[in-house]
Structures are given as C-alpha cells and as structure tokens.
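The chain that follows stands alone, in the form predicted alone, written as structure tokens.
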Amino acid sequence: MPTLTSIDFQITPLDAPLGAVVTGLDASQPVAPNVILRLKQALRNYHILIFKNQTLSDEQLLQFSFYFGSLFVPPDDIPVLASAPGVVPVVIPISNVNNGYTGTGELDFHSDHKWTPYPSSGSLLYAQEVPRHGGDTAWLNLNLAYETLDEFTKQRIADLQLITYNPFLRDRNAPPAKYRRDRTIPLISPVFLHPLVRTHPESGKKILYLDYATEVEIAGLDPAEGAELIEQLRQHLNRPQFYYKHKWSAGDIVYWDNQSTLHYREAFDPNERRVMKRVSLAGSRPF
C-alpha cells in the first residue's frame, strides 16, 4: 500500500497562540516515516495539530494514533474517564448519545490524567457529528502562560510540588473545591506530587502545570498561602491571549499535547448530537 510523502501535505500555523492545521493527509492510510517526524516536530512547536476532512474507523484511528505513542493505561486503583477495574479505555466515545461520556455541559480548562503517576502525553479527538451551535473546544498554551509570568513569581514557584486530586473520587454531595485547605479529609486514592513548573520532556520548554478548576494542593505550604498563590496563577491563566478556540467540523481530528496545554469545552444544546472518539497516549513522570 503506498505511503504519504512529505510533499503531499501541508502544515499551516494558525494566527493564534498555538495550533497548526494539517491538510492533504489521509489518516486512514499508512504514513511515511519522514511525515511522522514532521508531525511530531510540529506538535512540539505548535502544541496542537488539526487534521481536516478525515474518515476513519475506530481501528484506523488507533493505528494513526500509535504513530505518536502507545496507549495510556491508568493504574487499576486510579480511575479516569471511562475506566473500570481491569478495563483499559481504548477508543472512548466523547458523546451525548449512545452511552458516551462528558455530557453536554461546560468543561473548565483542564488537562487529562494529571492526578495519575504518569499523565498522558497527548490525545487525539475525532469528530464524527457536531452540533450547529456550541460545543467548541479551546486549547490554552501553558508554555506561553509560564513565560509571561513576572520574574518574582517564576522564582517563587520554581521548585514547588503540586498534588492534583482525582476528580472521579470526590464527594459528589459537596460543592467542588479548587484547593484542599482541610488536610484532615481522608484520602481515598493515592496522590502524586508533580512539579508546578514542569519541563517539557521533548522541547525542554517550561510549563505552568496547573488546571483551572480541579482541586489541588501545594505540598509544604500553609493552606491559606497555597490557596492564594494558586488563585493568582489561575487568574493569570484565564486570559484569551493564551488560547485558541476551535469550531469543529465533522471529519476533524485534533491531536493535542496534554503536557503543554489545557482544554475547555463550551456547553451545547442537549437536543443536538455531538459524537466524537478519543484516544489518549501514554506519558512519562513529570519533571
């Protein structure tokens, strides 16, 4: 079967804080090594890649995804979206129909699997059906967010370690917390320390490794001081100059670097269909 050569497609950077569009590539077909290498370099440079006009089966989506890494497999005792003990999520339906996941509501800026020991390196999300209005996804450039901090703040946070608590293991009857002030709350799953300032394992760029709303705690800081610092950093993150908002079309695949971005989803009409498939790739221990 013929493979795509590097002259058959284009990578066009967006006029945005991150992102590039890939055209002229059929992700259902084998891809040449030099093309894969160009795509990997482009992801390091632009953080998200948008592949247009694709038609893939689940198996074809998997095979394309595996050019970039192996499947993310969570530990049995650390739940993630769609996981169950002894069950490894593979192609996950991100859909408001047919027993899919994530519903129709707004999802705050977050990265996937940050509460695990080895968070995923990235995900590919393939759109099959999209609503007429709403359901757009935004990605936020965490390297740019870090680089635009003042020098005092950079020095203050340089060596801090962050715990991100598992959002799938919290009291659903209590209001969601953004910072764990009460250290007497019993832990119901393992917790893992990751750097608040992460170094990207391939580019070497510094990343402000913080979600916008997930419950966190800075190790070793007084709870009031830690909560105040996290709130300041989150106010800094919440700026349009850091993100790109994507209006989905059926046939789009977006591949994002989960190590250097956050993503957010707009709410949409529950009476409309939004059908997507996601594959998440394995990552490494943050440093």
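When you see a residue number, it is the position in the sequence shown, counting from 1. These figures come from a predicted structure and were not determined experimentally.
Just so you know, the form predicted together with ligand OGA exists too; it's not on screen, but the next bit is about it.
- No residue in the set 164, 217 and 234 has a non-hydrogen atom no more than 4.5 Å from ligand OGA in the predicted complex.
- Screening 80, 125, 91, 130 for any heavy atom within 4.5 Å of ligand OGA in the predicted complex leaves a single hit, 125.
- Checked against ligand OGA in the predicted complex, the residues 180, 205, 194, 110 give one hit for a heavy atom within 4.5 Å, which is 110.
- When ligand OGA is considered in the predicted complex, residue 265 lines it closely, a heavy atom lying within 4.5 Å.
- Using a 4.5 angstroms threshold between heavy atoms, residue 256 counts as touching ligand OGA in the predicted complex.
- Contact check for residue 116: every heavy atom lies farther than 4.5 Å from ligand OGA in the predicted complex.
- Put simply, residue 104 is far from ligand OGA in the predicted complex: not one heavy atom of it is within 4.5 Å.
- Segments offered: 53 to 61, 37 to 45, 257 to 265, 220 to 228. Contacting ligand OGA in the predicted complex at heavy atom distances within 4.5 Å is 257 to 265.
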